[in-house]
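One chain follows as structure tokens, the form predicted alone.
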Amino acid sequence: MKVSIIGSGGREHAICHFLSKSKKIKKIYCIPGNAGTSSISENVNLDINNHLEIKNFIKKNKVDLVIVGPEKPLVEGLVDYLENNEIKVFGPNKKSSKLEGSKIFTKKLCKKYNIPTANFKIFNNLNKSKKFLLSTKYPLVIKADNLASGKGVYICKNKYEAIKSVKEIFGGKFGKAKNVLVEEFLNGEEMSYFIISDGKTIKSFETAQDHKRVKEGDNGKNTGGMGAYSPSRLINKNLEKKIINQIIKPTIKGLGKLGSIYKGFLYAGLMIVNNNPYLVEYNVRMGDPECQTILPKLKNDLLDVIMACCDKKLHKLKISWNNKKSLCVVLCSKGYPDTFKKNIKINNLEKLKINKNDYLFHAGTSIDKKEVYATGGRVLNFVTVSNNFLSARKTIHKNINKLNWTSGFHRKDIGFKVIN
């Protein structure tokens, strides 16, 4: 069969890599893809925001399945559009994607169905929010309501940081803002929990922990993710039961009451406080770079999992995992997440010897006349699967040092809570 993957990041390269192992697939198109996907698929330079252009390509090339990787096309209704044109798509519809597209939508859903989450307030203008921020207790969390590429969250220690945050949000830093969300600060430890759903059946799709902050020790600005590891050290059977029963099931049920069947991956960003889960946010797709750490542990043919979901036969499938540890370190362009140079050549890629337990997933890269260039802030994802996190990290650092890309940087402490 023919498959098309929408997206160009490390997540999409990882999905492409593992789908390419399936004997049932004869052709993969990546729209638009990156330098890494170009070696295992055909990259197609289309605008992923142009639904008509994508539909015409899919129809013309008789593609059997479309997998939507990133959040923006999901939130903008690409799944609905393609399904209305009788194209099989893996990913949630526009209504379900509001879980990520609007943090306020999710908060209201939590309130209605008693889903544990931080207490919150919603403000629709700068003056009202400033008035509250001048009289409340700190620390607290301020969030942009709309999509912000993982960067629209501020942890504020005082009123000065808080007021600066709301000014940036209402000032349009993450697009036009009608509202801002102010939350209580939960003192716990973060965890990412993934499920896959076909609308009827929910199955766990492993756990992970990412490192959002740009500097060592989880300091500095928020980024799209500097690295991740799987599984989370926090997961246990009792906690997982609470996550499913108190958070995931009520969410799927709530969406059902709104007339929406959830199909695809769902990523719950959680805060764990005394072995109790609180929902921080939802992502309506696999995380990036969490996806890159989780898929190497999957024993099933990834295509079988996705098709079972699309065909509402997930209940018939047993999803199996190896019990290894997986760790990812992201190599970024110098200056990220602020200003960085683009179209910088990456040498020495051919010198890397990637073993069977090692993976190199491209993110912000492009290829021109067989030369690879960095075009984004997050450039390469180095992943290793091992018996322990320390040996995985050592292998990754060895590979990054061998590459010796002087225009990049990485965090050297990814996984420090499970290693130290």
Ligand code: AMP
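Here the structure is a predicted model, which means the values were calculated and not measured. One rule holds for the numbers: they count along the sequence shown, beginning at 1.
The same protein also exists as the form predicted together with this ligand; that form is not shown, yet it is the one meant from here on.
Checking 185 to 193, 125 to 133, 236 to 244, 156 to 164 against this ligand in the model of the complex, the stretch whose residues place heavy atoms within 4.5 Å of it is 185 to 193. The putative spot formed by K143, K212 and V280 is fully lined by this ligand in the model of the complex; each residue has a non-hydrogen atom within 4.5 angstroms of it.
Interface residue among L147, C110, L317, M271 relative to this ligand in the model of the complex, by the heavy atom within 4.5 Å criterion: M271. Only one of the listed residues (A118, I252, I202, M307) places a non-hydrogen atom within 4.5 angstroms of this ligand in the model of the complex, and that residue is A118. At the 4.5 Å threshold, heavy atoms of K325 stay clear of this ligand in the model of the complex, well away from it.
This ligand in the model of the complex comes within 4.5 Å of no heavy atom belonging to K263.
Heavy atoms closer than or equal to 4.5 Å to this ligand in the model of the complex belong, across 66 to 105, to one residue only: K103.
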